[in-house]
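Taking the form predicted alone, here's one chain by itself in structure tokens.
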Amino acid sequence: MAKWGMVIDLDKCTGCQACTTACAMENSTLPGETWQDVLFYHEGEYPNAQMKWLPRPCMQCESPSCVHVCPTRATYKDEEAGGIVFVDWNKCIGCKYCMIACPYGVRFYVDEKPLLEPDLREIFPGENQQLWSPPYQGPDEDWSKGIGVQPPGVVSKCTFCHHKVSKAPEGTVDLDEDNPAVKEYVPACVRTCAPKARYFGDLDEPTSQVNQLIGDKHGVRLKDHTGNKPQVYYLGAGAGVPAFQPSDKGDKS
């Protein structure tokens, strides 16, 4: 069984947010429910200030703090699904403990006042227990894994596009959009990355591309000091990301 991981090369990433858009369309998320966020911030002072950016998916941690605090066990890590962390919407009570515990800010609760107007929940009212019913709905719903359009009162998050990845042929090591045999199984954010800054593959396979990149280019994990052990690694000159604190380092847009 694969252990899925992602590598993001910050030297290649241009901050175009194609990953954000692709994820939203693939998973039918609401505006502001950005499972694949790109954080923009400033470093330095005039005249030497620089704008930088950090793509931030769910880290699918090996020891996820969100799982430890969930009172209903709605949040869980599925080793049989490549180590992806899911939210079972049948069990979630919307208490937001997981949102508080997550050091990466990658969980969302969208029942409150929307961040953007107009409120699409009013334009496309929910049907069949959905919070809203967009005309372009994405993957088939699987509430046990938090896939599809969520019901009211639950937390949502990135699933590494499990509805695609889970259909990859058994024994697949690398999910590369340049490989016609597996491109349909590649996560949306990886497949649409124009500068090819994202890579996806099996962290348990020493010969996988993600493992080679992590080893050759000294990949690092975000906030590794928390002990969560993310399955997402960063490369590049801007990869000194463990010290990055979104709450106090500049502007997010």
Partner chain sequence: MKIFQAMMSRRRFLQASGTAGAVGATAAGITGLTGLTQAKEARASRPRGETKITKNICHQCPARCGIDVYTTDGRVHAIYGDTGNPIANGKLCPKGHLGSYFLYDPDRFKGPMKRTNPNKGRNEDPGFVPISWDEAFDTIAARLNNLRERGESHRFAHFYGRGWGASDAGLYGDFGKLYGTPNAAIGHASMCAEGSKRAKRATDGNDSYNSHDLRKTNYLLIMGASFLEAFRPYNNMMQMWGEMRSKSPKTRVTTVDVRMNPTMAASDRALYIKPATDGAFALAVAHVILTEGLWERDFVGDFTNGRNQFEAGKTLSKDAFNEKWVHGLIDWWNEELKDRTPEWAEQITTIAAKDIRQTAIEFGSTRPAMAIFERGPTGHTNGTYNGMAIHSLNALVGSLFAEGGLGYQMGPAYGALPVNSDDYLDDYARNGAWKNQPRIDMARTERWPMTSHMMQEAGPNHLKGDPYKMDTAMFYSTNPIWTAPNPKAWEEALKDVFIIDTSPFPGETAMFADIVLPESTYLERLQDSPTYPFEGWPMTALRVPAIDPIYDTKHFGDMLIEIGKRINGPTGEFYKKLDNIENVLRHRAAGFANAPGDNGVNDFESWKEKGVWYRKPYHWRQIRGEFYEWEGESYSKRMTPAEVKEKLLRTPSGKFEFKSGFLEQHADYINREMGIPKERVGYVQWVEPKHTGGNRDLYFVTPKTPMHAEGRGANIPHAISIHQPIAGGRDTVYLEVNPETAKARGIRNGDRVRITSDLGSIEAECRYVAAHRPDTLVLPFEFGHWAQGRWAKDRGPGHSGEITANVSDPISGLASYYTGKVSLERA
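Numbering follows the first chain given and starts at 1. Just so we're clear, the structure is a prediction, and the values are computed from it rather than from any experiment. For the two forms, the rigid core is made up of the largest set of C-alpha atoms that agree within 1.5 Å on superposition.
Separately, the form predicted together with the partner chain exists; it is not shown, and the next lines address it.
Q: Is C66 one of the residues lying within 4.5 Å of the partner chain in the model of the complex, judged by heavy atom distances?
A: Result no; C66 lies far from the partner chain in the model of the complex.
Q: Does Q130 reach the partner chain in the model of the complex, with heavy atoms at most 4.5 Å apart?
A: Flag for Q130 set to yes.
Q: Using a 4.5 angstroms cut-off on non-hydrogen atoms, would N228 count as touching the partner chain in the model of the complex?
A: Output for N228 is no: heavy atoms all beyond 4.5 Å of the partner chain.
Q: Answer with yes or no whether D174 is in contact with the partner chain in the model of the complex, where contact means some heavy atom within 4.5 Å.
A: No, D174 is distant from the partner.
Q: Check Y109, Q137 and E141: does every one of them have a heavy atom within 4.5 Å of the partner chain in the model of the complex?
A: Answer is yes for this spot.
Q: Which is the contacting stretch out of 220-228, 204-212, 190-198, 58-66, given heavy atoms within 4.5 Å of the partner chain in the model of the complex?
A: Selected range: 190-198.
Q: Using a 4.5 Å heavy atom cutoff, which residues in 61-78 contact the partner chain in the model of the complex? It's fine if the answer is none.
A: The stretch 61-78, when checked against the partner chain in the model of the complex, contributes P71, T72, R73 at the 4.5 Å heavy-atom cut-off.
Q: Against the rigid core, is the Cα displacement of E45 between this form and the one not shown at least 2 Å?
A: Result for E45: yes, a 2 Å-plus shift.
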